[in-house]
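One chain follows as structure tokens, the form predicted alone.
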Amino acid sequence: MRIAAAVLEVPGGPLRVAELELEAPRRDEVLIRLLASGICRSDLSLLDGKWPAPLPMVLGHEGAGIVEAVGEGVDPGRIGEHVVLTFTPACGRCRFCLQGRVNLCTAAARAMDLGVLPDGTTRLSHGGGPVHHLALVSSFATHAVVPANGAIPVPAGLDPMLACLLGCGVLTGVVSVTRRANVRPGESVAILGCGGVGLATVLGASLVSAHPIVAVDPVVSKRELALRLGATHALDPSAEDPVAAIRRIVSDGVDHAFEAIGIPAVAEQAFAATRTGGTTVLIGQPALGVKASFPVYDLTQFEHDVLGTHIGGATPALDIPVLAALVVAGKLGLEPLVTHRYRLEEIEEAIEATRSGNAGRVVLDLR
């Protein structure tokens, strides 16, 4: 079938909306009619060439839509399901899947690196040549073929403009709090960097009744949005030293500090703002090869934990439905996150809005 999709052909872009051929789903695959896609800063990292990627490629990895067709081995009853797509469908066989750490599935990681589906091939083509998939999703498009276990059912009443965010940004931010850091009620939290993932981290901290919740960002609109989402304090790091300011609010340092922007200097600030015996969680993803420095004496003498996290340590097939249920029940308010909406043909404007740093979440309306 013919579809419209935003294709990255050379590092640095631009993205070009083109008509592509999409092959029918094969065994254990489904065809998705996409309704919405979030734009994540990871998409910008690929677009800017910070991370290597096989090109040409259809970008986008936060997708929500409806199952339109199924391949061999998939229950036809799934047709019509509303789903959120995940880029870490579990193979169920690798070491990490067997350990219950499906977010680190080696089969999914290999497919991501090669820009293919799990069988090692693509379903996308243009002019007879292959076009690669981003992270088994490629949601900057009208349709996608994905692994069947990568399409997670969610309630039909959930707005797809919100549902798509559960595929990456909201999942990462919330579950980094609830699972990776295991924040308990009443524990203090600081979030350094209030982009899409940082704001979702604020939501997660509020969800578990952390207190206080200190949001740090130089953009005034981001600080205001963080306060709307549950932060108790909002600091401008361009106006004062964020470490000193955080320690003025929580004198011994916070129990948990989350770095959510991917800047080494900010990671070091998060470490310095964390108390003895506390936890610093690194969520933001910098360019490959970037390093940060932490005092080893403090790590050992004061049992200071520094944790990396990939999508918060989530199990998407379990956690996405839980978060979707919380959204539907009104217990996880995602509406304020979405500040900009665009059509697929406006992809360049959408990318620039994301790049500006002034947006909350930018979402493509693909309906």
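Computed from a prediction, not measured in an experiment: that's the story for all the values here. The first residue of the sequence shown is number 1, and the count goes up from there.
Although it is not shown, the form predicted in complex with a small molecule is what the next lines describe.
S.K.: Counting only non-hydrogen atoms and a 4.5 Å threshold, tell me whether Arg41, Lys222 and Gln285 all contact the small molecule in the predicted bound form.
M.R.: Every residue of the candidate spot has a heavy atom within 4.5 Å of the small molecule in the predicted bound form.
S.K.: Using heavy atoms and a 4.5 Å limit, would one call Pro11 a contact residue for the small molecule in the predicted bound form?
M.R.: No, Pro11 stays farther than 4.5 Å from the small molecule in the predicted bound form.
S.K.: In the predicted bound form, does His304 come within 4.5 Å of the small molecule, counting heavy atoms only?
M.R.: His304: no, not in contact with the small molecule in the predicted bound form.
S.K.: With heavy atoms only and a cut-off of 4.5 Å, decide whether Pro218 touches the small molecule in the predicted bound form.
M.R.: It does: once the small molecule is placed as it appears in the predicted bound form, Pro218 has a heavy atom within 4.5 Å of it.
S.K.: Test of understanding: in the predicted bound form, would Pro89 fall inside 4.5 Å of the small molecule by heavy atoms?
M.R.: Outside the cut-off, so no.
S.K.: Looking at Gly278, Gly71, Pro237, Pro212, which is the one with a non-hydrogen atom within 4.5 Å of the small molecule in the predicted bound form?
M.R.: Here the answer is residue option Pro237.
S.K.: Name the single residue among Ala109, Val243, Val208, Ile263 that comes within 4.5 Å of the small molecule in the predicted bound form, judging by heavy atoms.
M.R.: Filtering the options by heavy-atom distance leaves Ile263.
S.K.: 323-331, 338-346, 308-316, 23-31: which one contacts the small molecule in the predicted bound form at 4.5 Å, heavy atom to heavy atom?
M.R.: Contact criterion met by 308-316 only.
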